[in-house]
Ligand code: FBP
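Here we start with a single chain on its own, the form predicted on its own, put down as structure tokens.
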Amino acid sequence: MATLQSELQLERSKFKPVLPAVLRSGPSGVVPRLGKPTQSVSDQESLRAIFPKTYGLPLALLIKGRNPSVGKNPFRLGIVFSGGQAPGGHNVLAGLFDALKKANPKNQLIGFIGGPSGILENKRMDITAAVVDNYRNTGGFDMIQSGRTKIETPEQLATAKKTIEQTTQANRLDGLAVVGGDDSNTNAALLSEYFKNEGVKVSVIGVPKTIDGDLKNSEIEASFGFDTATKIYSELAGNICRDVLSARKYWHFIRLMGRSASHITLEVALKTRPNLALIGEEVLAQKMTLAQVVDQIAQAVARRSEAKKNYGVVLIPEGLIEFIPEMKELISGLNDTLAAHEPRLAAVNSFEEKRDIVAGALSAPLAALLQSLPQSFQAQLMLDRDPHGNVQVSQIETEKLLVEMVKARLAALKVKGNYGGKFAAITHFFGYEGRCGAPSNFDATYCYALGYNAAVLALNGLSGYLSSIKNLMKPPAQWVPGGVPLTAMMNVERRKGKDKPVIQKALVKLDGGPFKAFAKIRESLVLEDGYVYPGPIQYFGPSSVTDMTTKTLQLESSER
């Protein structure tokens, strides 16, 4: 049964993204200009050894020029969505499709279904114009779905090679576009290296996707989806700010997506101006304890209470717990202790007995920290494990933990006569609400350009590159397309006891424009009701509203 389209979706299908001027003549009208060899962020020798075929590739810049060879022979390009969803993925796919067909009507786009597992299982679909047209400017990855399978073992790599090569020339692939975040594009780099080493002629091109905003650097100004997701979260947070000011009786604790970096929380804070926003990177830099974080919030609550304001809004990044040094140490200690005592713990039914066994095996400071937490959160830390036996940090309801501990801290202040207010709290987690929203005009245009650009890179035989569109604060016609080598963004990290090559995550820079802009106003926000209400994403109307970018991109661009 055909999916019924909403009135907005029907209208949005008419939106035509604007390509960078250099791409408008099509793939045959541009040529890649290669720069100097690159090197990785760090660990150069280690990464050179891991990627002997693809390390040190030059930056690529697409410039105008005659290049009729790209459309001479039919080209088959595969596309896979990898990792969590982000608004705009379907426009990446549309950009790929249109570029391929512009180069040669016989070119084909093949979608792997269900993420990287679709490559391993050879689950594919031929993407046609009719299918693409039904998904233009829509959110989600539902045309071909996504998944989190990694292709990294020798057996998996060999299976991927078999899928790419196929048994007949008509079914083999000439290129593969991997749409994903830092882990997924690290996987793309491994695939590119493996295929080159095996003599498989296939172009592997990555596309920078993540709503968390932590895949960026000097060559990648923004990952797609961050703009739309933060606008959705800002609308929701702004609505709560308006409710807070209307009812004036609750404190709202809002946890936002972003386990490894606090970009989302910072962007929403800049857009909505809550009373308090915790930035994980600052907590880490100051080596704050959990008690200090709690005290910071409690002091803000007490100060507002003195001003007869027993209400407010606090923003919390999803990964806050891991930014608190002592909590990160506790989680690591729990992972080791629970694994070491698994048989003994399995024989005990009582949670209290399990906790006492674990606490007895931890160091005294960590045992004291564990026992200082509310029992429900002790249980979350000890009982909710992932398949590898580790704490599922993303499942920890940090906002509820903070509410319980702030409540206890305020009770202690009240006993001392230092607090006389009322504290009633409501908690929220905004996560999946932002991952599949209809893309903003910016993301719809940016994603289309990223996809179109990725196809051009693949058609030119480049491999091991990430599609790059720069100059994003200018109108789209002035955007600059190119490609950055995947290995140029890498370092080596210790993961699960092994050294692994990974694309370096971009954390919030405490000396960067976005954080400094928030730091300048946050003290005044504690007591003032300086809330801003962004409202829903606007697709029609004046450009100042429909085409505005994130505060993060604006402030970072001013530093370049």
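For every residue, the number given is its place in the sequence shown, counted from 1. Keep in mind the model is a prediction, meaning the values are calculated, not measured.
Below: the form predicted in complex with the ligand, not depicted.
The unique member of Gly482, Gly83, Pro274, Gly78 whose heavy atoms fall within 4.5 Å of the ligand in the predicted bound form: Contact with the ligand in the predicted bound form is made by Gly83 alone.
Just to be sure I understand the contacts: of Arg303, His428, Lys102, Arg435, which is the one whose heavy atoms reach within 4.5 angstroms of the ligand in the predicted bound form? Filtering the options by heavy-atom distance leaves Arg435.
Exercise: Arg259 in contact with the ligand in the predicted bound form, heavy atom 4.5 Å: Looking in the predicted bound form, residue contacts with the ligand include Arg259, since a heavy atom lies within 4.5 Å.
So in the predicted bound form, is the ligand close enough to Val393 to count as touching (4.5 Å, heavy atoms)? Yes.
Just checking whether Asp212 would be counted as a contact of the ligand in the predicted bound form - the rule being heavy atoms within 4.5 angstroms. Yes, contact at 4.5 Å.
Might Glu193 be said to contact the ligand in the predicted bound form, defining contact as any heavy atom within 4.5 Å? Close contact is absent here: in the predicted bound form, Glu193 is far from the ligand, nothing within 4.5 Å, heavy atoms only.
Among 409-417, 202-210, 114-122, 470-478, the region lying within 4.5 Å of the ligand in the predicted bound form by heavy atom distance: Correct option: 202-210.
Do any residues of 128-148 have a non-hydrogen atom within 4.5 angstroms of the ligand in the predicted bound form? If so, which ones, in sequence order? Residue within 4.5 Å: Arg148 only.
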